[in-house]
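This document starts with one chain, in the form predicted on its own, laid out as structure tokens.
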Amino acid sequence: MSKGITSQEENYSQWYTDIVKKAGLADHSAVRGCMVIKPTGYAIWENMQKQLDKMFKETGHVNAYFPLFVPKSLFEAEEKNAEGFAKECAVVTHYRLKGDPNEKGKLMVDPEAKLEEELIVRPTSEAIIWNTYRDWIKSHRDLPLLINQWANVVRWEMRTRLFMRTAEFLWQEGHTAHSNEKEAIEETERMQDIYATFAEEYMAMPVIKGKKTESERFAGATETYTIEALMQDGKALQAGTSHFLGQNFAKAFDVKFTDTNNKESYVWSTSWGVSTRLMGGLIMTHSDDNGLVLPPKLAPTQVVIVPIPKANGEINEVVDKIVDQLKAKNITAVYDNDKKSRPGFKFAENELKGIPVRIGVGKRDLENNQVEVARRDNLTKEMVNIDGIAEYIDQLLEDIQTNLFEKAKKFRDDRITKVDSMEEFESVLESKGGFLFAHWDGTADTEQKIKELTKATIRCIPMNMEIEEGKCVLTGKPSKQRVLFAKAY
């Protein structure tokens, strides 16, 4: 263990908080339930943003920005959406403060500055966006409208955890409009596929694609598609969702278009998003008791070079050449030649921060034209010839990326268990955790009873599931397919 990090086995929740804070990713703020994202954490989020934004734009989406505040009347327009988020809303009622006549230096709300209409601080942006779309969409020529925004939202969470659940968080939310149902469903599925590709190819986090049950859908959605990941403590993480909204919001905000036959119809819509919760998923999928472990594709610094015992002219000259070679291959490398700290301290700090590869350069090594290369993913190291070092590191980073995914996938696959009775369900959930693949009779009552009994929820109905006759684990009623249960964040 490094730097006083609690072990996973001892206290997983504390281990997670230790990693976030000691690796310099985020900290608690003066505002209850909100976080400060520190430069290292934000650099990882920027890399996530950069790749996702590229994937969105490659599929025809463009970015825009909509207001943080939503008039209450607009928020109420789509009833299910309003009801679903009502308990989490922050509300602005006044627009000015004034000096408190009873206490010098203090401020109070000016009672004469009450807003004519209260404003909701957006928990999600469907209302303000669809009110805007009413003015933008008139004809089939205006469709499809494929817009995404990078923004912050506020959901007044009572129990918070850095990155995983905070009152304010960063995210992207896509909101698209289409001329027909088929196209909107294809968009919903496309975005689910993009999220799954990003999670697996960049985060090295294996996911299961599926649909949510009716009770777990996004408020106001006709269908919610999800990607579900498994963390190292055996709990599931909903890593991204894509919603087919049907014509619900179009009808609520009267958004219509004229088709090629000059017939007027309501548009079809989708929304989809991922948030800084992905940072939590990244940490809990790969990290260990030594600190953060980052997949190379998202690491702000992929290679750190440390002189041993300390920098000198000869070492500096060799390192400069190595750095130039690495940069030529678009590998981000940093030379840590700070003379205030010993190499051992630097090694521990680099492990804690999850830098994928460390190169140690010593005088004796140079005499043999070698450097020491250490991997963060499996904590192994070996001597490597300086000639061709850039090609070696380039391949090594690919190997680390693949290894992290395969390791996480094996962990996930080993914890998917078929169960056929409640006795087996509860036993496996308690002893092993992970995903439970079980029959369910399709009713919300049964879903709720299982949740009350075990705290496990239906994470998704997996995509492309084969028909399999069976009996519900709780009621014994007929079931035609298994669904995925788990305890979840």
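Counting begins at 1, following the sequence as shown. All figures in this text were calculated on a predicted structure; none of them were measured in a lab.
Another form exists, predicted in complex with a further copy of the same chain; not displayed. Remarks below refer to it.
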query: Per-stretch contact check against a further copy of the same chain in the model of the complex, the hit in 236-244, 292-300, 201-209, 333-341 (non-hydrogen atom, 4.5 angstroms); finding: 333-341
query: Residue 460: touches a further copy of the same chain in the model of the complex, heavy atom cutoff 4.5 angstroms; finding: no
query: Non-hydrogen atom contact residue 55 with a further copy of the same chain in the model of the complex at 4.5 angstroms; finding: no
query: Heavy atom of residue 429 within 4.5 Å of a further copy of the same chain in the model of the complex; finding: no
query: Partner contact for residue 181 in the model of the complex: a further copy of the same chain, 4.5 angstroms, heavy atom; finding: no
query: Within 4.5 Å of a further copy of the same chain in the model of the complex, all of 34, 96 and 168 (non-hydrogen atom); finding: yes
query: Residue among 101, 313, 111, 105 with a heavy atom within 4.5 Å of a further copy of the same chain in the model of the complex; finding: 105
query: Option touching a further copy of the same chain, based on a heavy atom within 4.5 Å in the model of the complex, out of 383, 91, 379, 366; finding: 91
query: Residues from 50-88 in contact with a further copy of the same chain (non-hydrogen atom within 4.5 Å) in the model of the complex; finding: 53, 57, 62, 63, 64, 65, 66, 67, 68, 69, 71, 72, 74, 75, 76, 79, 82, 86, 87, 88
